[in-house]
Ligand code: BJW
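We begin with a single chain expressed as structure tokens, specifically the form predicted on its own.
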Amino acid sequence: MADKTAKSARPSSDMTAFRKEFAKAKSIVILTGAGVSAESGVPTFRGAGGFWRKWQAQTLATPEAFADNPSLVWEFYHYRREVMASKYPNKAHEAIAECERRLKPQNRKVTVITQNIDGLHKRAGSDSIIELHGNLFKTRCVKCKDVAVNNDSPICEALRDKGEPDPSAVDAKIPVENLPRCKISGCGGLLRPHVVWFGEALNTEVLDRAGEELDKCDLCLVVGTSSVVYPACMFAPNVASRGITVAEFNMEDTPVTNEFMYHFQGPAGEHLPAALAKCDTEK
């Protein structure tokens, strides 16, 4: 545990010092955001440049948009699913997954709590993953509420070759009966992406699991997240307030950078492999 009273105004970038703390940690939580996936070329759909056709994601990723035009919303999410077919986990994802596998036989735990919905942590090999905002490759039935993994490409025949992001593209206007449907016998309800949309609350069970891991962690890493989205923005500061070491890996400072013990500026794919590599004290 770090001594908060010894913390300077600016977080340290001393990798050797961080590594000494990493070597002692028994329960490590890694909080990840869009910046990790951006290094794999995944569009973030945040900020002024985050448009699909003429819409920003915030206008499509809502329950109201889905109720009003499920065809358009499914085009958007079908496009995002298909984009992921050409994207792969990067060195940061791989370093996290390798660290989890390596530490498990030592009775040391690594838990990923991610705001990302792209599934890249799982594809990299991580097992202990808490997905705060859901997953692009899961669906939820609006009728029976069944949640299922769905990696079909396309997710339904009517969406094949649809979802072109060009602003001049014509909306497919797919009849609702031809959109993805529930496969549970006797249901057949309309499916929606199993993601948390704007205006929706995070799943309480998921939040509880995240809270449990944060409460017992003795080291926390913040990787590729701007720390502005509630409630995730409070996770690391709350951990730091208990005197637990928090290390931030980001391209730039965030509003809470100075609350942490360490800050490593630059691509996570460059810093994380060194930060999480095998220590001399490991067997």
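Bear in mind the structure is a predicted one, so any value in this text is a computation, not a measurement. In this text, the rigid core denotes the largest set of C-alpha atoms whose superposition between the two forms falls within 1.5 Å. Each residue number is its position in the shown sequence, starting from 1.
Note that the form predicted together with the named molecule isn't included here; everything after this is about it.
Engineer: Which single stretch, out of 64-72, 23-31, 238-246, 224-232, brings residue heavy atoms within 4.5 Å of the named molecule in the predicted bound form?
Structural biologist: Only one stretch passes the 4.5 Å heavy-atom test: 224-232.
Engineer: Could you check which residue among A124, C99, I117, I113 gets a heavy atom within 4.5 Å of the named molecule in the predicted bound form?
Structural biologist: It is I117 that has a heavy atom within 4.5 Å of the partner.
Engineer: Identify whether the named molecule in the predicted bound form is within 4.5 Å of every residue in the set M15, R108 and E212, based on non-hydrogen atoms.
Structural biologist: So, no: the whole triplet misses the named molecule.
Engineer: Please tell me whether any heavy atom belonging to Y79 falls inside 4.5 Å of a heavy atom of the named molecule, as the geometry stands in the predicted bound form.
Structural biologist: It does not: once the named molecule is placed as it appears in the predicted bound form, Y79 has no heavy atom within 4.5 Å of it.
Engineer: I'd like to know if F45 sits close to the named molecule in the predicted bound form, meaning any non-hydrogen atom pair within 4.5 angstroms.
Structural biologist: So F45 counts as contacting the named molecule.
Engineer: Can you tell me whether V170 touches the named molecule? I mean in the predicted bound form, with a 4.5 angstroms heavy atom cut-off.
Structural biologist: No.
Engineer: Closest heavy atom of A268 to the named molecule in the predicted bound form, within 4.5 Å or not?
Structural biologist: Yes, A268 sits close enough to the named molecule in the predicted bound form that at least one of its heavy atoms falls within 4.5 Å.
Engineer: Going through 177-202, which residues have a heavy atom within 4.5 Å of the named molecule in the predicted bound form? Please give them in sequence order.
Structural biologist: Residues within 4.5 Å: V195, V196, W197, F198, G199, E200, A201, L202.
Engineer: How about T62 - superposed on the rigid core, does its CA move between this form and the one not shown by 2 Å or more?
Structural biologist: The answer is yes; the displacement is at least 2 Å.
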